[in-house]
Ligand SMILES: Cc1cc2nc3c(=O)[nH]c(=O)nc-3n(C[C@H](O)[C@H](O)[C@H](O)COP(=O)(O)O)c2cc1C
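Below you'll find only one chain, the form predicted on its own, shown as structure tokens.
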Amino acid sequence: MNSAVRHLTLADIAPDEFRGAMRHLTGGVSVITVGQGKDITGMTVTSVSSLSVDPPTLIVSINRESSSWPILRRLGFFGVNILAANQLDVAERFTGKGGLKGADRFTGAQWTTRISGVPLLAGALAAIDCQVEDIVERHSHAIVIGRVLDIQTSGHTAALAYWQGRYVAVDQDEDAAKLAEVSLPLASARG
């Protein structure tokens, strides 16, 4: 352990309190896909982040109680599908709402495969094919480091995000225009 780290007495933080605090952090919505053939499943997450561009790697946090975890661990490949704003229905299906499991979550959307063979969502802002490079297991989750094997992108510009317990659309062109409307009157009032 780093000698600069002091041992502190940890406060008891209730899970609901922590969850409420984290809802202030806006997260991009992605679907993590695993498996091949008929043995496929996936989950909706907001925990994807780039780790390195050279080599291209990313990290994702996965609940070790999820149905995707044993397949990801066994096969060592996964897909990261960064959802467009018009793919809310895909996000909802992969949360497991309505009791959907496994391959049933993939209905209603078009899927492709690349190098690893895991399903990748056609029309996602980006669909990234990854190989597991390392796994760090802590508490209820695992931090999975994925080496990027292949990327496919679409022409969509509006992203699906999650904030304050709700899905929100983030559209670069539309939101930039709204910000300009609000900020231009403020700038001219100061002048």
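When you see a residue number, it is the position in the sequence shown, counting from 1. Please read all numbers here as calculations on a predicted model, not as lab measurements.
Heads up, the form predicted together with this ligand isn't pictured, but that's what we're talking about next.
Q | 4.5 angstroms heavy atom contact with this ligand in the model of the complex for residue 157 | A | Although this ligand is absent here, residue 157 would stay clear of it in the model of the complex, with no heavy atoms inside 4.5 Å.
Q.
in the model of the complex, does residue 113 come within 4.5 Å of this ligand, counting heavy atoms only?
A. Heavy-atom contact with this ligand at 4.5 Å: absent for residue 113.
Q: Using a 4.5 Å heavy atom cut-off, state whether residue 137 contacts this ligand in the model of the complex.
A: Judged by the heavy-atom cut-off of 4.5 Å, residue 137 is well away from this ligand in the model of the complex.
Q: Answer with yes or no whether residue 147 is in contact with this ligand in the model of the complex, where contact means some heavy atom within 4.5 Å.
A: No - in the model of the complex, heavy atoms of residue 147 and this ligand never come within 4.5 Å of each other.
Q) Of these, 152, 57, 131, 46, which has a heavy atom no more than 4.5 Å from this ligand in the model of the complex? A) In short, 46.
(Q) Within 4.5 Å of this ligand in the model of the complex, counting any non-hydrogen atom, which residues from 152 to 173 show up? (A) Contacts from 152 to 173: 162, 167.
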